[in-house]
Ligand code: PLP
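Below you'll find only one chain, the form predicted on its own, shown as structure tokens.
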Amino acid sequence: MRECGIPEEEIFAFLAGRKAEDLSHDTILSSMCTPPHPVAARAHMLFLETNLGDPGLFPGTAQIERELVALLGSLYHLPEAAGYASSGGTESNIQALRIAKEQGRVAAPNVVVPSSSHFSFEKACRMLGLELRKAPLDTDRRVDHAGVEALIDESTVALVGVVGTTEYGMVDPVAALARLAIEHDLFLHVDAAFGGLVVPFLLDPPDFDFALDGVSSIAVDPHKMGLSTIPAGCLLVREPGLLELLNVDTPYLSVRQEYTLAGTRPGAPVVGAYAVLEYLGREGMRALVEGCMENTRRLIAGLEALGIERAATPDVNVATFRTTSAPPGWRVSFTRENDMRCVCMPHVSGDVVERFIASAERHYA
């Protein structure tokens, strides 16, 4: 650290230079995040100093967090759902498995997840001392519920279903998993970090939420398709008592107990998430999702016309292709099976898709 500070203009000139080294979203097709909506950014700036880790000092911000939970609970058919704003899907998934372990209380607990699940479950199980059992997928890349059932035993404490898999954009058969959870008296967590703000706005959405009696918790990330500032995730649970299993004493704060994973928690992105969802409403979200899905369909059709086969027919706005190379100048990613993966987020407009297809035509010629 410098002994004497430097002028503000010099600092910001340095920062601008570093920012210029970041990639432009105009060429990013690999990310499940997107630039925040201007409404989210404006709301975020009003709450920069707020800390939800000490909510008694920021009661207005804490009320907005409760409103966000209620808004999402209503979207997921349980307005009275409990929950809190997390840093994102990884934290929410860790917390859900913490709850399942506390509730299950067996000597050598295990959890059964789809083999397509996010790597955050690897982190969670290492941290919590849980055995991770990966269930096979069916031919459509959704988890095979019979394969899940075959892995359940007396030490299983949780099942996981994914709504919008990271690699191929598939929605697991959560209704079948919910039946298994009820039959075996197990905690069922739904990782809808990506698809939780896509699937409800599709024309014919599959069941995945609290409308299914067996669903215990849901993770969703407004900083993905919800256009919020980062970080803004949310963990919702069917009953408040589930969160209370995680309580620790916090004697010197404005509350006496907390169940969150983080201590200090920024209020700004939580307010941003709430503001943009209220601004767009269901109508706006339907239009946003339909635009992304239309661009996904166009991208698939455009590349298939060039002879590049789709790797899957996705349920959400993720397109994958049987190729190990990508047009130069574009940032895509590749799955564990080396399929090219593109995510049609809101910044991936129709014009961007057409430019990518034109680049692909030159590249694959």
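We number the residues from 1 along the sequence you see. Not measured: the values here are computed from a predicted model.
Just so you know, the form predicted together with this ligand exists too; it's not on screen, but the next bit is about it.
Remark: of stretches 137 to 145, 86 to 94, 198 to 206, 234 to 242, the one touching this ligand in the predicted bound form is 86 to 94 (heavy atom within 4.5 Å). Contact check for residue 118: a non-hydrogen atom falls within 4.5 Å of this ligand in the predicted bound form. Looking at residue 32, you'd find a heavy atom of it within 4.5 angstroms of this ligand in the predicted bound form. Proximity of residue 99 to this ligand in the predicted bound form: non-hydrogen atoms within 4.5 Å are absent; the residue sits far from the partner.
This ligand is not shown here, and in the predicted bound form it never comes within 4.5 Å of any heavy atom of residue 156. The listed set 227, 270, 160, 193 contains one residue whose heavy atoms approach this ligand in the predicted bound form to within 4.5 Å, identified as 193. Proximity to this ligand in the predicted bound form, defined as a heavy atom within 4.5 Å, holds among 164, 114, 214, 266 only for 164.
If you take 196 to 230 and check each residue for a heavy atom within 4.5 Å of this ligand in the predicted bound form, you get 221, 223, 224, in sequence order.
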